[in-house]
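Just the one chain here, the form predicted on its own, laid out as structure tokens.
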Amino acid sequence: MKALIIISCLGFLALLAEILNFKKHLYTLTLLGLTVALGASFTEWNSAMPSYLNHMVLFDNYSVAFIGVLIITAILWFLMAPSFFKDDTHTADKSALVLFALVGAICMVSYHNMTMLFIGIEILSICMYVLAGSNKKDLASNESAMKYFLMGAFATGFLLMGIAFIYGATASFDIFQIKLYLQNNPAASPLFYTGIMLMLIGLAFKISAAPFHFWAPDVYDGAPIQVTSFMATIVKTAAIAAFFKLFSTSFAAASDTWSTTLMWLTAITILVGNITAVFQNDIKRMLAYSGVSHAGYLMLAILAMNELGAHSLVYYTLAYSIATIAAFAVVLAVINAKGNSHFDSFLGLAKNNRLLAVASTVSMLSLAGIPPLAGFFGKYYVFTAYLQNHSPILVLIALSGSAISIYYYFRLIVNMFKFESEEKIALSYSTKVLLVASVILTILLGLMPDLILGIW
């Protein structure tokens, strides 16, 4: 709750930056405020009174862990994105939108009532619709915002209808009351099961799971790259955490109804994401399809429905977010220098841009799941959690997808070291800090995964 209050106050402070004339200091204040919020959130670990607002939100260890992932990712994102705020006219507006989007994400990982889940999704989504179209002079950005808005509104309709059906069957929005209803009424009404499937569709869209992923490549490609990286990390983390919490708590007793459907979605997502990424010639679109495939791996933790699944989900989202932010930071630097994000733009990058090459290599290897980096152990623990209760068929599909992903991740690495280029790309101080921090964190989490998994 402390982190939610602090970041909300930061958002309102950003709105007042124009009036009070401290725009120049807003970026520094935001980073400082996020750091304070991170520390404050962990003071609620093992809290004796974790629920607030008449049990609308619950800050248990699961929620606190994901809030930590979101804030760490947000700090790394701000280190990557100072150029996003270089337009003095809209600095305060953009900062406020990003911070309120983070507030929505925190609501999504800490809800205890489906009303708060819906509010969190709407806060996050509305901010992202505006940010996706923030480059008003770029036709691709405008198109991205319109597609995201139309498809997001359509998916939200499914989610809201599902919530309405479940309320109609149970007379409650509280996720624990819904769980008790299902335990006391094993033969629940068809209205209830219809609601589950509608919510599954709505949440599958939010995490860009196939076949509800078709919006992601176009939106990721057209939006400003800083916004794309935010969608690929913070938005996806919040959505998968909300997905897991709802289906492992309220709908666990009805898993026979939805688990087979989710298994098929997981297999399709992994294969479609990885196979389609192979044919991409633009790094942004490749990372978009890569994000689709990782949504499939994350859904394995939902299907696991055990304690290791919850813990591995926290670890995986942190490892994935760090590597993805670093990858987008490298792409942003290349776009600023060469004007595009084609694979050919990375030819010979390693000779005179060693930091970019090292950070890009480490992030690609981590996303591919190469040991001993964090991405490898993320996949390992998710697969292990799933195998505790299920047959290995889906894991074999996931391993096949990971093998396919090696091709397109290594394609970028090979391009960087294949030729020699004399071009030197200038990097800002914050970008250098981000790249060094991401490399250290990715290696450290890989060598010592108990830093996250051992805190439970």
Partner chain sequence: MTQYAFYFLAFVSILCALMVVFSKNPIHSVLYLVLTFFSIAGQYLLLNAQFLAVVHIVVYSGAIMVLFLFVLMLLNLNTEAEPQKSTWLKFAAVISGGLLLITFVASLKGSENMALVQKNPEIGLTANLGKILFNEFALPFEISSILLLSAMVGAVMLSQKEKEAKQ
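Just so we're clear, the structure is a prediction, and the values are computed from it rather than from any experiment. Numbering follows the first chain given and starts at 1.
A second form of this protein, the form predicted in complex with the partner chain, is not displayed here; the remarks below concern that form.
Visitor: For the chain seen here without its partner, which of 269 to 277, 254 to 262, 185 to 193, 295 to 303 has a heavy atom within 4.5 Å of the partner chain in the predicted complex?
Guide: It is the stretch 185 to 193.
Visitor: Looking at N281, N336, T115, N352, which has any heavy atom no more than 4.5 Å from the partner chain in the predicted complex?
Guide: Partner contact (heavy atom, 4.5 Å) among the options: T115.
Visitor: Only one of L308, L79, L198, I72 gets a heavy atom within 4.5 Å of the partner chain in the predicted complex. Which one?
Guide: Comparing distances to the partner chain in the predicted complex, the residue within 4.5 Å is L198.
Visitor: Does every residue of S8, D93 and M161 put a non-hydrogen atom within 4.5 angstroms of the partner chain in the predicted complex?
Guide: Verified in the predicted complex; spot residues all in contact, yes.
Visitor: Does any heavy atom of N54 come within 4.5 Å of a heavy atom of the partner chain in the predicted complex?
Guide: Yes.
Visitor: Given that the partner chain is not shown alongside this chain, does Y167 nevertheless sit within 4.5 Å of it in the predicted complex, heavy atom to heavy atom?
Guide: So Y167 counts as contacting the partner chain.
Visitor: Just to confirm, P217 within 4.5 Å of the partner chain in the predicted complex by heavy atoms?
Guide: So P217 does not count as contacting the partner chain.
Visitor: Would you check, heavy atoms only and a 4.5 Å threshold, whether L453 touches the partner chain in the predicted complex?
Guide: Output for L453 is no: heavy atoms all beyond 4.5 Å of the partner chain.
Visitor: Since the partner is left out here, which residues of 117 to 151 would have a heavy atom within 4.5 Å of the partner chain in the predicted complex?
Guide: Contacts from 117 to 151: I119, E122, I123, I126, C127, V130, G133, S134, K136, K137.
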